[in-house]
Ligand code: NAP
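Next up: just one chain, as structure tokens, the form predicted alone.
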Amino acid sequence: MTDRPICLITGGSTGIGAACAILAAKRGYDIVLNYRSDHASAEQTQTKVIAAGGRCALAPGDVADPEDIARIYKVVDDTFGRIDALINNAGIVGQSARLTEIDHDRLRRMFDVNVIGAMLVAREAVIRMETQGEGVVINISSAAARLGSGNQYLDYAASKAAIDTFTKGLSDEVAGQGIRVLSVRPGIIDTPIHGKGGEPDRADRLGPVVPLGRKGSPDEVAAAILWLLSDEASYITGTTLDVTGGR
């Protein structure tokens, strides 16, 4: 076991999740790093976490699969025996499309991962945090939740709007048990998710239209998340923080 607080990060092999893992290790956390399939990138992030002073256990699994979620938490329980923070980051985006081009299979997968999976992962964290009498859950939403992303990622935007509502409801349920629940809405951030949506240059293309005039970095989002995890944010719960450059 360890005296350092334990943070589970889903979708942590690259992008915002990886940046959170490295910064959290620098701030004194040990990490359980979940990823679905990119084992090589997860190992690279694990190496950086260890170099930053943290222990890091890898926990592969698809958050859309309840059995995989159980396996992820078995790593948490067997390796560290507790969880102090959850960064509920795993998510997917589809190819840019209008609603008339989106079929049931895509919608089912989008909501299985981005909404149902996130809720089930949070449920398991809360079960453990309630016995400890404290903990923080950070759900990763998106500026798309309030922008709608019409003609682009309407289904993704709807899934992230659900995350914002879930954040508020869960925060009300568990505040009395000493658990804080928040959501962070990243904007145009330079991560691999744009390539997965078929637009690898999207951050570069849209960065200039952001009020601050540029794209954001995963490290900037991670800094906001780690602040929300900290005691400096101890009186903040049930709210959503935009990290969008003013967009």
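Residue numbers run from 1 along the displayed sequence. Computed from a predicted structure; not experimentally measured.
A second form of this protein, the form predicted in complex with the named molecule, is not displayed here; the remarks below concern that form.
Within this chain, I140 lines the site of the named molecule in the predicted complex, having a heavy atom no more than 4.5 Å away.
With a 4.5 Å cutoff on heavy atoms, R36 counts as touching the named molecule in the predicted complex.
Not displayed here, the named molecule is approached by G61 to within 4.5 Å at the level of heavy atoms in the predicted complex.
Taking non-hydrogen atoms only, P186 approaches the named molecule to within 4.5 angstroms in the predicted complex. Distance criterion of 4.5 Å from any heavy atom to the named molecule in the predicted complex singles out A90 from the list A122, A90, I83, V136.
The stretch that touches the named molecule in the predicted complex, counting heavy atoms within 4.5 Å, is 36-44, out of 204-212, 174-182, 22-30, 36-44.
Residues G11, G12, S13, T14, G15, I16, G17, N34, Y35, R36, S37, D38 are the members of 5-38 with a non-hydrogen atom no more than 4.5 angstroms from the named molecule in the predicted complex.
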